[in-house]
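Taking the form predicted on its own, here's one chain by itself in C-alpha cells.
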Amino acid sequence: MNKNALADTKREVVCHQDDLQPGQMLEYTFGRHPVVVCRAEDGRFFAFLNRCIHQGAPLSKGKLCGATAPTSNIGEYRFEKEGDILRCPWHGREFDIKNSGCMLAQPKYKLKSFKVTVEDEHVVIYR
C-alpha cells in the first residue's frame, strides 16, 4: 500500500460486537457520513450510508427482515433471506445487505457501503 493510500484510510471503532445482536442495526456517524451498521442473522456485520438512494430516508429507522421470492408455481411465493434485507422506512425499498446493498427490485442500484471488520471483539469500519 502506498503512502497516500494510508493517509486516505480512516478507521473507527463503532461498538463491541455484543452490543449489536443478529437482526439488529445501529446508527453511527463516521466522519461526516451517517452510517447504518447491520448485523445479519449469521452474525456478520455490514455498514452502509444511512440514506436510501430513493429519497434519502434514514435506513436505520427501517428494519432488517426477509423477502418473498417466486416459486415455479404461479402465484406462490417462498420467504427467504430472513434478516438479510434492509427495508427503507419511507417507501419499502429493499436492499440485500449480503449482496453489496443491491436493491432487490433493481439490482443495478446499490447502497454506498463501508468495509467492516471485527477486531479484538470490536466492530470497526473503514473508509
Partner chain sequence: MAVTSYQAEQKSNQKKLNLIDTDIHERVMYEDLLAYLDQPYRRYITDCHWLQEKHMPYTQPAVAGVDRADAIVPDGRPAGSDLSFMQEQLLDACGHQAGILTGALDPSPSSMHGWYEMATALATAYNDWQIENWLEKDERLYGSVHIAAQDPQAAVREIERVGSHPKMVQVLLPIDDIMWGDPYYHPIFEAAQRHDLMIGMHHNEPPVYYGKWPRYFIEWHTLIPTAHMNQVTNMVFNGVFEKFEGLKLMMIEGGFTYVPFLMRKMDQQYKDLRHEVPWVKRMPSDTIREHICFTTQPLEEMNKKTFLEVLDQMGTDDIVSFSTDYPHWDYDSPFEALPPNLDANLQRKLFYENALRFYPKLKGLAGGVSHE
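All values derive from a computational prediction rather than experimental measurement. Numbering follows the first chain given and starts at 1.
Keep in mind that the form predicted together with its partner chain is not shown, yet the notes after this line are about it.
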Listed residue (Arg44, His54, Lys98, Arg78) with a non-hydrogen atom within 4.5 angstroms of its partner chain in the predicted complex: His54
Pro70: touches its partner chain in the predicted complex, heavy atom cutoff 4.5 angstroms: no
Interface membership of Val14, its partner chain in the predicted complex, 4.5 Å heavy atom rule: yes
Close approach of Cys38 to its partner chain in the predicted complex, 4.5 Å, heavy atom: no
Contact flag, Cys102 vs its partner chain in the predicted complex, heavy atom cut 4.5 Å: no
In the predicted complex: members of 10 to 29 within 4.5 Å of its partner chain, any heavy atom: Val14, Cys15, Leu26, Glu27, Tyr28, Thr29
